[in-house]
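The chain below stands alone, shown as structure tokens; this is the form predicted on its own.
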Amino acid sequence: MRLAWGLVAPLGLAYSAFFLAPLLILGVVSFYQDEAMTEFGTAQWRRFLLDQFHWKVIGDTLLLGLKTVAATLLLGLPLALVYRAASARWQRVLLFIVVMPLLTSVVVRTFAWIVILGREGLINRLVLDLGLAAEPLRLLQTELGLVISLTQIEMPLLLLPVLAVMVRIDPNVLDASASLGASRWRTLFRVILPLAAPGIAAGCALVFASATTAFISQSVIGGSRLVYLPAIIWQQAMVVAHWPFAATAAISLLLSVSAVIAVIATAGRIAAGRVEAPTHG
């Protein structure tokens, strides 16, 4: 027992020093009354919570994360199923393709999407060449363009945990499902997805947390037309130098994102417990 505590202690101290201590300081700063931080009070929290604009910004920020999660799931789950059915050689190729974007800075990938989403970009050229629109689409400084770019940027965060779970599913379970007369779709929804639920939940949580706090992508792709909570935190801290209000906004972002992640994790646990014995379908 002493040896175990001795091994855990350095990690615990590092965790306390680099996470808990700054978080505690942030909480204390949020209760200062004014910019000079001379006295304590709840003025900053009242200013933040009693303003409908800030609630709208929180809602928009969380909605952006949920839309990104939905888009990455829509594209990522079919790819995960292809990965599971592929041979070992093609699995290595697909895994390399999934990991490859992580080798490039998120700043570089974000600026690349400016070129792709611009009026003369790849998407607009394709739309115009196919005759789908008479004029270039407005994709930059729109939520649609931001969700598209975040879907590609955050895709590896979803796929890596999902692929790790998918490859561990016992093929005998799927054979048993087929032998009981279940169709492929029934097997997918009643066996494969519930068994992969922990990985899906972990991936969704990572994508949601990253998308809602993606200040660079939100600023570059969304521009000043779209206001999200990270932009308010940056503005209050670096432009206005109002640290108490910036701390209040930061804690609000942390709490709201953590609440949604807790819901995602709970949904994953519930789904994982619903693996049913397939009947004829």
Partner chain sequence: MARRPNLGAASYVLVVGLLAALALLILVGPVLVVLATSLTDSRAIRFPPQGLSLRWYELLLDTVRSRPIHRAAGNTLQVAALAAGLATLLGTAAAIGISTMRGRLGRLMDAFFLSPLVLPGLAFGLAALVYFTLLRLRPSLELLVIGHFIVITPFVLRTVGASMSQLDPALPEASRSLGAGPWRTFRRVTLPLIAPGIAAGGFLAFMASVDNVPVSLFLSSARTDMLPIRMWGMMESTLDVRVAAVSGLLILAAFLLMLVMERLTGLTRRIRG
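All figures in this text were calculated on a predicted structure; none of them were measured in a lab. For clarity, a rigid core is taken as the largest C-alpha set superposing within 1.5 Å between two forms. Positions refer to the first chain, counted from 1.
Note that the form predicted in complex with its partner chain isn't included here; everything after this is about it.
- Although the partner is absent here, residue 273 sits far enough away that none of its heavy atoms falls within 4.5 Å of its partner chain in the model of the complex.
- At a distance threshold of 4.5 angstroms between non-hydrogen atoms, residue 243 is in contact with its partner chain in the model of the complex.
- Interface residue remark: residue 42 is not counted as part of the site for its partner chain in the model of the complex, having no heavy atom within 4.5 Å.
- Although the partner is absent here, residue 20 lies within 4.5 Å of its partner chain in the model of the complex, judged by heavy atoms.
- Put simply, of 193, 173, 128, 94 only one has a heavy atom within 4.5 Å of its partner chain in the model of the complex, and it is 94.
- For the options 227, 49, 66, 254, the residue carrying a heavy atom within 4.5 angstroms of its partner chain in the model of the complex is 254.
- Contacts of stretch 36 to 57 with its partner chain in the model of the complex, defined by any heavy atom lying within 4.5 Å, are made by 37 alone.
- Once both forms are overlaid on the rigid core, the distance between the two CA positions of residue 13 between the shown form and the other one is 2 angstroms or more.
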